[in-house]
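In structure tokens, one chain follows: the form predicted on its own.
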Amino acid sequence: MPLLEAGGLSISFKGRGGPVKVVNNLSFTIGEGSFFGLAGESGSGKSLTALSLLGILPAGASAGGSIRFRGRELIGLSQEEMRSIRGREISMVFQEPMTSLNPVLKIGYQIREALQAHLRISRKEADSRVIELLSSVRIPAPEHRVNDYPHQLSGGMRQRVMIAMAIACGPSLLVADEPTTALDVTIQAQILELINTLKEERNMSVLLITHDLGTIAEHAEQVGVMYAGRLVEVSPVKEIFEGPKHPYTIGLLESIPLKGRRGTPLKPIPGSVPPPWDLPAGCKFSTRCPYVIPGCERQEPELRQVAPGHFARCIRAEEMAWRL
């Protein structure tokens, strides 16, 4: 049994003309101790997918379909039931820690609060665990840092505090939503390496949401590529980089500066992602796709298996022969 299994997951917002689907019929699985990367442009529905796993969608949004965690259906649970899972079984690290940490509370207090809410331990034991957690995320002098406020820490340090808070109760799944967005390149690498190390040490599964396929290549084992609220390709990481089967994935790869291609012009994907209330008929990528044929515009293709463990949403998937 997979740790987490999403089946036909859809997320809608209330619109003037009725519900508007921003995530449509998403299905994927995350195994025990695995690292799954979810990639795509801004507006593809990645972050909303992550929020739906914890039951914290924004006001006006609703989820349908199925999200099963250790065989238990999460959609339809009460807020009280979700609170017992959120932070304890599934935790999340957000993009910008300064908007997630309370600016008027010391970081030690904020981590201790999570521990005492879920583990029912004493204040003394919680204080000791907070120092251990800060040490585990490589924060120097943790016994002194517990008394710092968020504004006294650098961006990288604040993100380490968020990771400490997320792993405090020993979750089975850590959702990291673009955890390095506001950090410089060196700190980005350190944070991602830290998440990977904690995953191995704790046998924890990770769902990493990012627009950077290079990050996924380095850390993830399985990758899903999203476009316009749909999964367009799912594959083991090695296969998707050696032989992508969807034109959108090919476009993402061709827009990345790579070693050995210095001086070669990048190939940006033309146009932009259409809004969810004005999607084209048929394949949703057809208006931007260089491989489009008349059949693409008639009916939206299904996400189908084109090789062992490799799925793509394209009627011409078998014809794709991309090379660096």
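This one's a predicted model, so the numbers in the text were calculated from it and none came from an experiment. Heads up: residue numbers just count along the shown sequence, starting at 1.
Unshown form predicted together with a small molecule; subsequent notes refer to it.
Student: Taking 4.5 angstroms as the cut-off for heavy atoms, does S52 touch the small molecule in the predicted bound form?
Tutor: Heavy-atom contact with the small molecule at 4.5 Å: absent for S52.
Student: Is S47 one of the residues lying within 4.5 Å of the small molecule in the predicted bound form, judged by heavy atom distances?
Tutor: The answer is yes: S47 has a heavy atom within 4.5 Å of the small molecule.
Student: Since only the chain is shown here, I'm wondering whether E32 would be in contact with the small molecule in the predicted bound form (any heavy atom pair within 4.5 Å).
Tutor: Output for E32 is no: heavy atoms all beyond 4.5 Å of the small molecule.
Student: Does any part of V22 reach within 4.5 Å of the small molecule in the predicted bound form? Heavy atoms only, please.
Tutor: Close contact exists here: in the predicted bound form, V22 approaches the small molecule to within 4.5 Å, heavy atoms only.
Student: Using heavy atoms and a 4.5 Å cut-off, decide whether F13, E41 and P276 all contact the small molecule in the predicted bound form.
Tutor: Yes: F13, E41 and P276 each sit within 4.5 Å of the small molecule in the predicted bound form.
Student: What is the one choice in P58, G271, P268, P257 with a heavy atom within 4.5 Å of the small molecule in the predicted bound form?
Tutor: None of the others qualify; the residue that does is P58.
Student: Could you check which residue among E178, E89, D212, D127 gets a heavy atom within 4.5 Å of the small molecule in the predicted bound form?
Tutor: Selected option: E178.
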